[in-house]
Ligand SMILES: Cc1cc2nc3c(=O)[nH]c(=O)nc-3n(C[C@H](O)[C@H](O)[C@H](O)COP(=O)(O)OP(=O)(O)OC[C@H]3O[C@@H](n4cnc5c(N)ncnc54)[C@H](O)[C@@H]3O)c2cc1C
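Here you get one chain, nothing else, as structure tokens; it is the form predicted on its own.
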Amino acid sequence: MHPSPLPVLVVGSGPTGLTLAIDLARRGVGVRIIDKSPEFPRTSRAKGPNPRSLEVLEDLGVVDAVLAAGAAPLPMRKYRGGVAVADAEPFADQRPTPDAPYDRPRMMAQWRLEEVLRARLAEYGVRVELGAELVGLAEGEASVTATLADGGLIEASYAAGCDGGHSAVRKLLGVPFEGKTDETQLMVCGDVEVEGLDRGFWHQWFDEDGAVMLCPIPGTRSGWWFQAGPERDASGAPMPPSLAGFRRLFAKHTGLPSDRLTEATLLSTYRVNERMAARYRVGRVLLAGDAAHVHSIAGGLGMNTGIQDAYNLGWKLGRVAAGLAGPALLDTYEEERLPVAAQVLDISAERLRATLEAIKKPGGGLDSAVGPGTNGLGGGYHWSSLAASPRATPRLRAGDRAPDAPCLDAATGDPRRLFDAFAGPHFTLLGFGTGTGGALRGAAAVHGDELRAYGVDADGPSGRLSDHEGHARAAYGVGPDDELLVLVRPDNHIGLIAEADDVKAVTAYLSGDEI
């Protein structure tokens, strides 16, 4: 296999497309990323990355910037008849653990996250090409050619459609977007300026005849996310969002003067869509993010599922584009992520149902949207052909998310987390116990730069990690006297669990047709 000299074309520069472009660029793969918008949007619609996405962003080298730009989730203040009746802090009982360092999402405007990601991408010499609208795709024997609205052509080794729910890529491929739109569940949304409201709370007014929700936008002085049930005309039809309409809704439900709401931008009407692409791959073109699936906003899983799509696709597309793996590896992207999208649709639908039930009662609110599955940490790919290893521990099996754990660098005594060892575009082999040293050295000798091999209380070619408090063994389900090899994929999922001396299993996995 030989690497293609052609770049990968990423269509769409939202969080999904930017994540994918960064992951490819850091692997040395040529990337072009285009967007039809003439300028970068200032949309604030997504509330921010969840714990699993924060782990992804840490690996990409931007989590510190994200944490600095965002804010911790706020307590929710709920009202009836304009009177505060209850406060709720859905993450109050959550704490970071040794195996999961992020215990709650980070609130930030989507435009701000995109700024952080674009800055990281620029460090690799790649910038978003604006005003580039895709109107055609044609696949050849060894490339795909994109036609732009201005007549320009881009030839690429592969293309990825990360261009949202109205994806031009998906439509050009003719991939069905199966599901439903619920016209009964409507919401008007926008970014507004409000004066005199306590920015220490996410305010939620629920009444029998409607609702208004206002959440402060981090990094602004008086900016808020506005969500409300729409006004309706005499016939019962929903009225389009407007500043005047937002002011009327605000005054009606809050009991506050309408002129407190001084500005409204990015106005939109939201309908609950539950749809999935029938396929995620057509030849050299792949779909990710909202181009592949859309669902209720309950649980905050939309942007996060897209980021995690890109993280799964990035290492696979990177290896194929660089000539390190055959195209069959790309089939595992759909194999792994399409079932996850189906799960997310189920989770978001259940969280929506729970929320709609909760707000019928005094004290109910959007805290009901937080529940099992919304942090993104429980997902795995147990069904995947890349998780065929029969060996397991009491805590983990192939396909699971690889846990973090605080260790020490045995050579220096400095703190070193497992996530530090995983960070980067490589596979990681962990050897628990001194009996794994030979396998660690053997695997590293065969696979070179694509593998880092660390000993946990053992000598490894990439270093020795001291599990001084036993957190690594506890997280991985390895007993104090047990010896075991654990291979971690570049997207920080378990690829293989093997006996301490089974270097053949490791090399067979890494040399397999799909890897």
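The structure presented is a predicted model; accordingly, all values stated were derived computationally and were not measured. Residue numbers here begin at 1 and follow the sequence given.
The next section is about a form of this same protein that is not shown, the form predicted in complex with the named molecule.
J.: Verify the contact flag for Val11: yes if a non-hydrogen atom of it lies within 4.5 Å of a non-hydrogen atom of the named molecule in the predicted bound form, no if not.
T.: Taking the distances in the predicted bound form, the answer for Val11 is yes, it comes within 4.5 Å of the named molecule.
J.: Going by a heavy atom distance of 4.5 Å, is Ala325 a contact of the named molecule in the predicted bound form?
T.: Ala325 lies outside the contact set for the named molecule.
J.: Asp457 near the named molecule in the predicted bound form, any heavy atom under 4.5 Å?
T.: Asp457: no contact with the named molecule in the predicted bound form.
J.: Give a yes or no for Arg27: in the predicted bound form, does one of its heavy atoms lie within 4.5 Å of a heavy atom belonging to the named molecule?
T.: Contact with the named molecule, no.
J.: Answer with one of Val62, Leu451, Ile34, Val56: the residue that has a non-hydrogen atom within 4.5 Å of the named molecule in the predicted bound form.
T.: The residue in contact is Ile34.
J.: If you check Val66, Ala46, Leu484, Leu487 against the named molecule in the predicted bound form, which one has a heavy atom within 4.5 Å?
T.: The residue from Val66, Ala46, Leu484, Leu487 that makes the contact is Ala46.
J.: Residues Leu20, Gly314 and Leu329 are flagged as a possible site; in the predicted bound form, is every one of them within 4.5 Å of the named molecule by some non-hydrogen atom?
T.: No: no residue has a heavy atom within 4.5 Å of the partner.
J.: Just to confirm the contact call: exactly one of 89 to 97, 279 to 287, 362 to 370, 128 to 136 touches the named molecule in the predicted bound form at a 4.5 Å heavy atom cutoff, so which is it?
T.: Of the stretches listed, the one contacting the partner is 128 to 136.
J.: Judged by heavy atom distances of 4.5 Å or less, which residues of 159 to 176 approach the named molecule in the predicted bound form?
T.: Contacts from 159 to 176: Cys162, Asp163, Gly164, Ala168.
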